[in-house]
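Heads up, the chain below is alone and in the form predicted on its own; it's given as structure tokens.
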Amino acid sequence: MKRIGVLTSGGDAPGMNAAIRAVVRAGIYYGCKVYGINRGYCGLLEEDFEEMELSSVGDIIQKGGTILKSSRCEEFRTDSGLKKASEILKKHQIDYLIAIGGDGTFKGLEKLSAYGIPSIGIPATIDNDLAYTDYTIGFDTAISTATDAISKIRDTSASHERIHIVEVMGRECGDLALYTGLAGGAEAVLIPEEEMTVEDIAFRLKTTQLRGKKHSIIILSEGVHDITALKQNVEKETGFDLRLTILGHVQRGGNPTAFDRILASRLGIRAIELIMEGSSTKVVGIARNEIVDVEIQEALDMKKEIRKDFYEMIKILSI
């Protein structure tokens, strides 16, 4: 009987609970024992394990966050931390480790494999910044959350004839800003993959004003510009009065969409199937609506490409 450990690590993402549920129930279905590891790699180093039963994951598919909690663990990044983690897993006779998270989580798995720990990764991050998979768990929900917020902001910006800059998460990947901008009808989207100057923004705003539209939405991916400095520079260039909104961690919360629940279920089951097939050091994902699996290092080496067609669509639709 295989013994499987499962944890969630890094930033939480809606749909993580659905993935945990799929791993636990598929694992038990195939005759395995599944142990939840609380608080990610920190909980692993503290031996915070609990055996999961079918009832442990009842009524969680619709819930945001993660019942196993999450954390970022500096000790796990060290050689001594990795060695300690491998010894703990062997002590508890864990045959496989499944980790649900983003690129940092996967890097941890890849390093842990060097200590003889078979592992499988499941992608869950609202950034959608992993190149090997079309979508990560939580991304669709984050788009919906951000788009809903922008719709509300647009109501008030239209009422007061104002221009709003809305900052969304994303770090080094502009997918969340790009998809949200397209869904929310933004006049401009600033992402790390494409350069847009203050002069470009000013031109677009002036163009929409000339055709009679007195309110606009600008989507900013965090880290591309300081939002306050951007506001001041655009105001100086245009003479318009701008308002700022930082959506922040609201984008991480909320009940997962049907898409994320289904994706998480498919990926969780496939992770268990790979274990039953004897595979390890792999990550699962989705490409062209088919579930795929890739070697962890290969997945991490892939370069994420932005949807340039989406970026061009925003330019066309915002004239």
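Residues carry their position along the shown sequence, with the first being 1. Values in this document were obtained by computation on a predicted structure and should not be read as measured data.
FYI, the form predicted in complex with 6-O-phosphono-beta-D-fructofuranose isn't displayed, but the following is about it.
Peer 1: Which pick from R154, R171, K107, R162 sits with a heavy atom within 4.5 Å of 6-O-phosphono-beta-D-fructofuranose in the model of the complex?
Peer 2: The residue in contact is R171.
Peer 1: Since exactly one of K63, R266, K33, R252 fits, which has a heavy atom within 4.5 Å of 6-O-phosphono-beta-D-fructofuranose in the model of the complex?
Peer 2: Going through each option in turn, the one that passes is R252.
Peer 1: Against 6-O-phosphono-beta-D-fructofuranose in the model of the complex, would E222 count as a contact residue? Criterion: heavy atoms within 4.5 Å.
Peer 2: E222: contacts 6-O-phosphono-beta-D-fructofuranose in the model of the complex.
Peer 1: Can you check whether E167 is within 4.5 Å of 6-O-phosphono-beta-D-fructofuranose in the model of the complex, heavy atom basis?
Peer 2: No, E167 stays farther than 4.5 Å from 6-O-phosphono-beta-D-fructofuranose in the model of the complex.
Peer 1: Look up in the model of the complex whether R72 has a non-hydrogen atom within 4.5 angstroms of 6-O-phosphono-beta-D-fructofuranose, and give yes or no.
Peer 2: R72: yes, in contact with 6-O-phosphono-beta-D-fructofuranose in the model of the complex.
Peer 1: Is D127 close enough to touch 6-O-phosphono-beta-D-fructofuranose in the model of the complex, meaning at least one heavy atom pair within 4.5 Å?
Peer 2: Flag for D127 set to yes.
Peer 1: Choose from 187-195, 119-127, 84-92, 200-208 the stretch whose residues reach within 4.5 Å of 6-O-phosphono-beta-D-fructofuranose in the model of the complex, heavy atoms counted.
Peer 2: Among the listed stretches, the partner-contacting one is 119-127.
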